[in-house]
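Before any questions on how it binds or moves, here is one chain, the form predicted on its own, in structure tokens.
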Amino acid sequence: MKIIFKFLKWVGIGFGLFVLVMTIFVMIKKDRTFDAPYPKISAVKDSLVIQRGKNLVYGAAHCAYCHAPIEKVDAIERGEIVPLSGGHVFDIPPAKIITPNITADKETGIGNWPDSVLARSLRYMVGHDGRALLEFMPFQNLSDSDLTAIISYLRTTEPVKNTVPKSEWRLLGNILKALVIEPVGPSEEIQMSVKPDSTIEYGKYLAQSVANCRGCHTDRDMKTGKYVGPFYAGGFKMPSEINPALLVVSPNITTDPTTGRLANMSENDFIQRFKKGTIIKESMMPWGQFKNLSELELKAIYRYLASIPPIANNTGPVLIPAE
């Protein structure tokens, strides 16, 4: 019996030392920094380029959905242009993420950040301080011209002085930062420019590189953000920002005849649905900004989604009780 107790004692000591070593390691490595290329992108003053950037920011890229305060949600739903002064909170298992101020303010915004730093954060997910960013912004494959347009527009925004608190990382988040989260760069060759039209190819570009349809309409692990389901087949459960007692389940948007939302939806039905805006108030879909999409963009997205092989996946009701 004494041998057993002695063995358990040493096991406990060993486990305690392991926990201590891992804790020290995580605390040291959680703020690790990375090198990544600085894209050769510079803001321009061409009015057409700036307007293209504005259309992306308040349309397909839906930047205001994350970078505007939550109290502006009603204005966003009305399609208004609201300041991107940050402060929106996303409470996920790894951390309470608080979005930064990206207005041109030099003290609390991005006014003093070089264009190349902004471009690197969008293309390689490396922040101005060198730390890897969570993959909230799926803009790594933006064309050079669209990346230029977005940064050019941001340079024209009215400065808003708004000091945003730092995100609050939990133990899981610090472990992920120390061991898992790394920069995510382009997954394909970057194009100089992409011609806006109603083709499947442009729809794919919008759906995957700008509007992030795949990011929400694919099941993911809320702890790591990794994809765990087939693309566009839905099933991603997200906590409702309006009602914490509910989870929002993204629907299957393939053309599967029994479980896909696009199966019985015509191109015109698709366009009209986007013009209606929010119907389910708890929805995580940025309908207020997607109402700003042009018919050309909506046609392209519809045609791309309709071209995807149907996937049978019954995602059930959109709203379910939180686990």
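Owing to the predicted nature of the structure, the values given are computational and were not obtained by experimental measurement. All residue numbers refer to positions in the sequence shown, first residue = 1.
Another form exists, predicted in complex with a small molecule; not displayed. Remarks below refer to it.
In summary, the region of this chain contacting the small molecule in the predicted bound form, judged by heavy atoms within 4.5 Å and restricted to 71-79, 213-221, 155-163, 188-196, corresponds to 213-221. Contact between residue 305 and the small molecule in the predicted bound form is found at the 4.5 Å heavy atom cutoff.
Contact annotation for residue 100: at least one heavy atom lies within 4.5 Å of the small molecule in the predicted bound form. Within this chain, residue 139 lines the site of the small molecule in the predicted bound form, having a heavy atom no more than 4.5 Å away. In the predicted bound form, the small molecule sits within 4.5 Å of a heavy atom belonging to residue 131. In the predicted bound form, every residue of the candidate spot (121, 127 and 265) has a heavy atom lying within 4.5 Å of the small molecule. Proximity to the small molecule in the predicted bound form, defined as a heavy atom within 4.5 Å, singles out one entry of 176, 248, 233, 149, which is 248.
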